[in-house]
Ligand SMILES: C[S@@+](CC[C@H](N)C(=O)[O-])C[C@H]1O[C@@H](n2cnc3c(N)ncnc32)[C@H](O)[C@@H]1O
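Only one chain is included here, represented as structure tokens and corresponding to the form predicted alone.
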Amino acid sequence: MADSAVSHGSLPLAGRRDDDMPGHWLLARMGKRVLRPGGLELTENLLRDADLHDADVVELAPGLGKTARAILDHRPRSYIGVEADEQAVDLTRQAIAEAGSVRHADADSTGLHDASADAVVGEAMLTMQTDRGKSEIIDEAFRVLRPGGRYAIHELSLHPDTLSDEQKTEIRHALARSIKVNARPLTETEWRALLEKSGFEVERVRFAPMALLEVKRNIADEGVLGTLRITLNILRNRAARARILQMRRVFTTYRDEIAAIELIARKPA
């Protein structure tokens, strides 16, 4: 993760070692293209629930551009990606070609006009921010949206809401050690409170298992050949294999406490 509190993360540079690279970019280096905690299915639900057809859409931190392509399948009126990493800007531009635009900016300071979008989409990026960073990004989404606009997010969640502060800290530390990013997932109640603090009204919540490294989820997301290619790449790379097995152990250990969450929040009309 970059030092900035609101940047999405650094791409796997050629000289970056596999044993200290952020987990999502290590998986990308191994060939994984779907890096969202709830997989393609939750992304598809998110985009459908966000009602993107004929809408002016802003995506925060598009990364590899996978979701950008899915957004365009919903035939929005316009698409703008806002990405803090220059290499990710190029990847998203390649993914969308002439169908939209991508600007190099932070998610909490997009440079977009007030009330210029009907929908703002963000996946697997708020979790990686501090509490202050989360609030700043959510405030920016609220500013950019028109009255009645939708903010659609797909993030990591802790559950149940009755987890103690000690349990939450333990899980967050385990995640941070394994993925090399200061992940701070929230409970459903905490996510709701954060969105409502910025002025949003939460309209829909969905959950999905956090099964990013499970075979069944990978086949669904990447296909059989894609999953085989990823597996072979991991088997050939000892450092990457050790890291990914460590990540999988953490996900397995806390499978009952970690989930993917979708929230659709509306800016009051």
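These numbers come from a predicted model, not from an experiment. One rule holds for the numbers: they count along the sequence shown, beginning at 1.
As for the form predicted in complex with this ligand, it is not shown, yet the points below apply to it.
Figure note: of the listed segments 141-149, 126-134, 159-167, 190-198, the one touching this ligand in the predicted complex, with heavy atoms no more than 4.5 Å away, is 126-134. Using a 4.5 angstroms threshold between heavy atoms, R36 counts as touching this ligand in the predicted complex.
Residue contact check for D90: none of its heavy atoms lie within 4.5 Å of this ligand in the predicted complex. In the predicted complex, this ligand lies farther than 4.5 Å from every heavy atom of V58. In the predicted complex, this ligand lies farther than 4.5 Å from every heavy atom of A176. Contact residues in stretch 80-96 (any heavy atom within 4.5 Å of this ligand, taken in the predicted complex) are V82, E83, A84, D85, A88.
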